[in-house]
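Below, in structure tokens: the form predicted alone, a single chain.
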């Protein structure tokens, strides 16, 4: 017999399969020995009240063994004879575009400016140890994209354009824990995700696709107003329609498109800081009890959002049991991000705390605040205006951090009171911190809204606004500052045939899952462009 139950359990009842089997026996009246298996279909923690519950939906197998797999797997065909499609970038948008192309019978050729996910890790380590940033291999550039070494969280609010469930199942097929299929906030972890990414690459190659590392796109090959390939820094060109999935930090790509008069537009972003608390404090606050999470609960998370002077202020990419990491992708930059290992076991919790910035806000800057880009003052209506603002803020952070990867930081309550912090608490940020008055050199239209937001968050969550918390500058890479314009139906660029702007870097996604969904949609757009049938490999182009 197979039954499904929706239950509200105490944490100790939901801690593992054995305890869930006892619960299943109690709820069904069957002996425990007859409960052969229990599958968790959905799981979430409800900590809104003093008594904390875990909501679970279970599938229970009584006197039966599960025959069906936990998820359907995809068989990827050999496409070595298929039509080529160039995929620029091996982040989630590019990798899932390549997998979908293979499903459709097309042959992906991935070019990635960075290194493979394992070699990339060595360059990332040098940022902390020696303050050296490799501009082609860092937290933003390389196989796996920005998410590979900055957390690997998989939840998304984007469900309009594709199947979140399918993306999670594909991750499981390539080695992720099946727990991500059930958890309300699925998370692979930076210690587990690299192997999953390697498995995806191996499948792409096994199916006849190509993957070229340390190969940067320098130009599009355009003939008769159609993109037919790319030129690269290696001197080699690759031919086929182009899925452009370069990520939100590929500023050279934005500049190239702008110079070539290929339509792009400024897109709203959010900037601010990384806010780091002791995880034990967040556990106490979120679980409403002095002992914190105790033995059976996970490291607590939070999510805050409010409005301040007409702009959103909110937490972003919250990392329980995590670390703050240096995410610069070039010289004269200090940028921070957050990550968590799969066990979320560190002593700290961090999240981005950011303020919404819209393109029209650039016009409000004073003359002294106007930014420079390529030696020319950026006009307020330039599509690169907010990118220039990001760059200037990152350079200011570098200057105030000692002109290396040491990050400027300030205690949270000191920031509210506009006071210098003369000592700093211990932090997870390994390159080191330098006490700095963030309230002084970060623009007031950002800091003023942060102060207002922090006061609100402190009221709704007692203990959150504290000098135990540390603000680390700056968080600027929340999303792309530029949108590469494309047709809503075909996913093709509005003026160039054969070009499919994709994922977070093109301005159409905001995280691993939504970028992966967009990659799949762009792969399908390639089919639509050629009026071919899905699954055919001839007559498409």
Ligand SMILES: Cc1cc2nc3c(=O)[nH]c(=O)nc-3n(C[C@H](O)[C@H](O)[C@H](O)COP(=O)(O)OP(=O)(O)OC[C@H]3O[C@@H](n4cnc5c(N)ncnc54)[C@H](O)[C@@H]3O)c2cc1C
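Predicted, not measured: the structure shown is a model, and the values here were computed from it. Positions refer to the first chain, counted from 1.
Keep in mind that the form predicted in complex with this ligand is missing from the display, and what follows is about it.
- With the partner omitted here, the residue from 317, 264, 280, 220 that has a non-hydrogen atom within 4.5 angstroms of this ligand in the predicted bound form is 317.
- Of the candidates 321, 147, 352, 108, 147 is the one whose heavy atoms come within 4.5 Å of this ligand in the predicted bound form; the others do not.
- Contact annotation: this ligand lies within 4.5 Å of heavy atoms from the stretch 242-250 in the predicted bound form, the single such stretch among 242-250, 412-420, 174-182, 303-311.
- Although the partner is absent here, residue 473 sits far enough away that none of its heavy atoms falls within 4.5 Å of this ligand in the predicted bound form.
- With a 4.5 Å cutoff on heavy atoms, residue 98 does not count as touching this ligand in the predicted bound form; it lies far away.
- Using a 4.5 Å cutoff between non-hydrogen atoms, residue 215 counts as a contact of this ligand in the predicted bound form.
- With a 4.5 Å cutoff on heavy atoms, residue 272 does not count as touching this ligand in the predicted bound form; it lies far away.
- Contact check for 94, 141 and 337: all three have a heavy atom within 4.5 Å of this ligand in the predicted bound form.
- In the predicted bound form, this ligand lies within 4.5 angstroms of at least one heavy atom of each of the following residues of 83-115: 88, 89, 90, 91, 92, 93, 94, 111, 112, 113, 114, in sequence order.
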